[in-house]
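Only one chain is given next, in structure tokens, and it is the form predicted on its own.
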């Protein structure tokens, strides 16, 4: 039946029925919401619940011990070592992995014709599995025959143990971020492209130089994206696991063990699941506090 015969197509009918359009949206959201609750929030609730028990796989959830697991976490010197390692790795990540993409995006933004080629070259490595990249960097940092010692030896700086040196291992884990690239560059570049051309033209007419345009137009224009990337960087550093596990497994000693890796060791190597879950809850609380603070600062600056 056609529109002339009195029956509207579905897209026109749903636009004319706001209430039913809302119900349709809710129905379509139910499967995704259910999956989110089952696979995201339910494990979190289970982790919080079981952190108050001495976990026994033969008698779940085990013996109730109250906050004993949390006392064990905060009374352990290793926990504060893990926390310090996580903070230092985050600071190195800010120095290399967070700031470099901003500069790369700013340089790309100044290009005209070849911008698309460079943008593709920056995004292409994200299609390579992280395992491959970590394997290459592990070889680079090898004391015997690695590229890093070859370069430092050629420059007369001597050779180093790199990943096997407690004072250098954190630097080595985060130095690969100096290459930049990835989705962050593309996101910054897209945000810059969304800044109105009229603002740049008006600034040039008023006699603004390149630095003034960068300071008063470009950087404020990408401020929202900077906050988002900062938040992702914070949470990513708190949850750092795969690169540390692949390259050092927390060594030498515990000099590169992060909070998440420490919880993994407690759970799957020491079989102390209760304390591991308590550590996970502490990590969750730290993540929520940092996320809330960054979100508050973002809203405050926007106001």
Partner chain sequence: MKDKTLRKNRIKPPLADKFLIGVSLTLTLFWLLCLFFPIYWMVVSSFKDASIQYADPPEFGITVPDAYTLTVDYTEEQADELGSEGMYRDANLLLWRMFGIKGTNIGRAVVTATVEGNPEVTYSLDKADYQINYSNFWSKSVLLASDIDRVLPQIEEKGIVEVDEETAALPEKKNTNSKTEEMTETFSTDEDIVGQITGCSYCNSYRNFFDNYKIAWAYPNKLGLESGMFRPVINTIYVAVMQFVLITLITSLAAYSLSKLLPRRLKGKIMIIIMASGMVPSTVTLIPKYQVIQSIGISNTLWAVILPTVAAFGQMLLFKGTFDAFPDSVLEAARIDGSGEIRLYFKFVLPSAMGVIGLGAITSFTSAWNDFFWPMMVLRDQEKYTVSLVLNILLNGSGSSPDYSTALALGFLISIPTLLIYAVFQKTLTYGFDFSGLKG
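For clarity, a rigid core is taken as the largest C-alpha set superposing within 1.5 Å between two forms. What you see is a predicted model; the values in this text were computed from it and never measured. Positions refer to the first chain, counted from 1.
Below, we refer to the form predicted in complex with its partner chain, which is not included among the displayed structures.
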Inset, instruction - Determine which one of 167 to 175, 84 to 92, 70 to 78, 203 to 211 lies within 4.5 Å of its partner chain in the predicted bound form, judging by heavy atom distances; exactly one does. - result: 203 to 211
Inset, instruction - Answer for residue 64 alone: is it within 4.5 Å of its partner chain in the predicted bound form, judged on heavy atom distances? - result: no
Inset, instruction - Flag residue 128 as yes or no: does it have a non-hydrogen atom within 4.5 angstroms of any non-hydrogen atom of its partner chain in the predicted bound form? - result: yes
Inset, instruction - Determine whether any heavy atom of residue 39 comes within 4.5 Å of a heavy atom of its partner chain in the predicted bound form, and answer yes or no. - result: yes
Inset, instruction - State yes or no: in the predicted bound form, is some non-hydrogen atom of residue 53 no more than 4.5 angstroms from a non-hydrogen atom of its partner chain? - result: no
Inset, instruction - For the stretch 127 to 144, return the residues whose heavy atoms include at least one within 4.5 Å of its partner chain in the predicted bound form, in the order they occur. - result: 127, 128, 129, 130, 131, 132, 133, 135, 136, 137, 138, 139, 140, 142, 144
Inset, instruction - Please check if residue 294 moves between this form and the one not shown, taking a CA shift of 2 Å or more relative to the superposed core as movement. - result: yes
Legend entry - Per-residue C-alpha change between this form and the one not shown, residue 212, threshold 2 Å, rigid core fit: yes
